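Presented as structure tokens, the chain that follows is alone, the form predicted alone.
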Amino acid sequence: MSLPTIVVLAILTIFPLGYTIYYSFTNFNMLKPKAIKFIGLGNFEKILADPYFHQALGNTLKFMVLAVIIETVLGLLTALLINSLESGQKLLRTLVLLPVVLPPVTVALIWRIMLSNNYGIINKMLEAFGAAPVNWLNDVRTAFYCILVIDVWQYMPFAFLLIYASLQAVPKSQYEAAKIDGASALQQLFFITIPNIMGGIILVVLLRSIDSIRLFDKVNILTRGGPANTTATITQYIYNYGVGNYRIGYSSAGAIIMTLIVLLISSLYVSRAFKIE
């Protein structure tokens, strides 16, 4: 690696990270830039004692677990279905991948219209069947799961794409040998297909776990963390304090905590991947 490349990487990653770490140990507020002072672990202690942060962390982890499991399972089933077809694979691949190419902001706006209490198509369909309309994004019972459904709709195709690509690398000879030995389709799935594509599945889980923890755009556009903080996430928490209240030092500490969580989860998946290989 050349020296200019190293310098560019340092500027793009190490320098901003260093500044974030530095500010996390200060009381820096953009409204009082000259009053900055070093406060040690004060920001971290306040964050870890904040009930709102506890709720945001719980929501984030709950969302990550549910989204990753559902997206991975649906992606796997879709990949297996399309891979088993004799014809039409190219067309179906294209149709399935359409949601993932849309910008998250566009997806959020489309679903906000569809879920509207007054003119949304989903409530119009409910009314057509004689059911009462639901205030999807402002009800504590439905808001969280609406965002979950939207995320699954958009990113299940991503899981499908990686798993489908892994399926293409499974040796056909293994299936032929299994058929000769009298193995059923279910046995072939669990003893040939799954072991061969496990690396792709773990990659899906790793990438979607990291991305789910960083969930922000959909929440900020659709609910802003409400109602009653039921959809609040770590990134929304950081945004509210960093941008909303100008407390850069405090929000920097939150960003460091989120980074540590991501690194912990990533290390678990990466170590698991190396064991499989």
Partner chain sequence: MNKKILLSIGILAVLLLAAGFAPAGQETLTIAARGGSHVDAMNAVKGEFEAANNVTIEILGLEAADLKQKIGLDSLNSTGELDLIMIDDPWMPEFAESGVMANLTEMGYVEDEDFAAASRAIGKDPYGEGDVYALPFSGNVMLFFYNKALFDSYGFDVPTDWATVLSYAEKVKADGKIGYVIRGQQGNPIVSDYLPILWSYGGNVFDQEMNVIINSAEAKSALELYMKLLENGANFEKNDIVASVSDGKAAMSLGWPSWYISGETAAAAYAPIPGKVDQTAETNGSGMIGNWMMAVTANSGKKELALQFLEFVTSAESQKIEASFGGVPTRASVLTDAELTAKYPYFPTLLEATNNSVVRPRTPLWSNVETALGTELSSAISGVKTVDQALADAVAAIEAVMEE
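Numbering follows the first chain given and starts at 1. Rigid core (definition): largest C-alpha set, two forms, superposition within 1.5 Å. Predicted, not measured: the structure shown is a model, and the values here were computed from it.
Keep in mind the form predicted together with its partner chain is missing from the figure; the text below concerns it.
Participant: Should the three residues G58, A131 and K218 be counted as contacting its partner chain in the predicted complex, with contact defined as a heavy atom within 4.5 Å for each?
Facilitator: Looking in the predicted complex, the three residues G58, A131 and K218 all stay beyond 4.5 Å of its partner chain (heavy atoms).
Participant: Using 4.5 Å between non-hydrogen atoms, is T142 touching its partner chain in the predicted complex?
Facilitator: Answer no; every heavy atom of T142 is more than 4.5 Å from its partner chain in the predicted complex.
Participant: Within a 4.5 Å heavy atom cut-off, is T223 in contact with its partner chain in the predicted complex?
Facilitator: Contact with its partner chain, yes.
Participant: Whether L31 contacts its partner chain in the predicted complex should be assessed with a 4.5 Å heavy atom distance threshold; does it?
Facilitator: Heavy-atom contact with its partner chain at 4.5 Å: present for L31.
Participant: Verify the contact flag for T26: yes if a non-hydrogen atom of it lies within 4.5 Å of a non-hydrogen atom of its partner chain in the predicted complex, no if not.
Facilitator: Flag for T26 set to no.
Participant: Judged by heavy atom distances of 4.5 Å or less, which residues of 214-249 approach its partner chain in the predicted complex?
Facilitator: Result: T223, R224, G225, G226, P227, A228, N229, Y239, N240, Y241, V243, G244, N245, Y246, R247.
Participant: Verify the C-alpha shift of V243 between this form and the one not shown: is it 2 Å or more after superposing the core?
Facilitator: Superposed on the core, V243 moves its C-alpha 2 Å or more between this form and the one not shown.
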